[in-house]
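Given as structure tokens, the chain that follows is alone and in the form predicted alone.
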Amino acid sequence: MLKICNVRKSFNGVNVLDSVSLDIGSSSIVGLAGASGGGKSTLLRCIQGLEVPDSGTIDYDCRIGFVFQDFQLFPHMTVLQNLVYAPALKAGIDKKQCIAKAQAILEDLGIGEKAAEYPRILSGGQKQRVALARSLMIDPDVLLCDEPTSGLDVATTEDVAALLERVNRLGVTIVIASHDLDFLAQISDRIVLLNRGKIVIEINPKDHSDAVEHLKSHYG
């Protein structure tokens, strides 16, 4: 579904991605782990096209959604308006159907009653759900999540894990960049550890009872 081959990316002469190659299969959940600056968020941004690799290729033929770490919700728009804004720009889109779809997604994510609210009054967990809902509006085949649990408490992190697992059961492939190894070990089929722009280890956490400690030992 998604093939990354020898991707390199540098900023100001510093290699952030150094010949990264990775195949991501359909309906899987892949965690990208590593310390800050390891390259995981940059790799997501290259997949989405927000950054252009210096060399290498990223091949896919599918719809890709992106959930940003800081949510990037429009503060002057209601939750519902945030969801329908981009889809409504497309020619031939039925606005009533678009609104109905947005409302249905919000209801499914447990925040239907927040449709008329503005982002500034939402909690971090609620903003995360809105950002996820906005990405689901395009019916993505692949969902890229950048630090989806950053700043969230334990209970809200558990909610995010449950939501992403539910989305995955619908057939959506999910790629998650996160420093939260416990979260990745809980949700991922496969964890790829990046260190200084290189893949240093890949593991299936279900095959390792001590997956978190195993990953930590390779941080370097």
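From 1 onward, residues are counted along the sequence shown. What you see is a predicted model; the values in this text were computed from it and never measured.
Quick note: we don't show the form predicted together with a small molecule, though the next part is all about it.
Among Asp180, Asp189, Asp159, Glu51, the residue placing a heavy atom within 4.5 Å of the small molecule in the model of the complex is Glu51.
In summary, among the residues Leu170, Cys62, Val154, Ala35, the only one with a non-hydrogen atom within 4.5 Å of the small molecule in the model of the complex is Ala35.
Although the partner is absent here, Val20 is not a contact residue: none of its heavy atoms lies within 4.5 angstroms of the small molecule in the model of the complex. Note on the interface: of 181-189, 162-170, 53-61, 35-43, the segment with non-hydrogen atoms within 4.5 angstroms of the small molecule in the model of the complex is 35-43.
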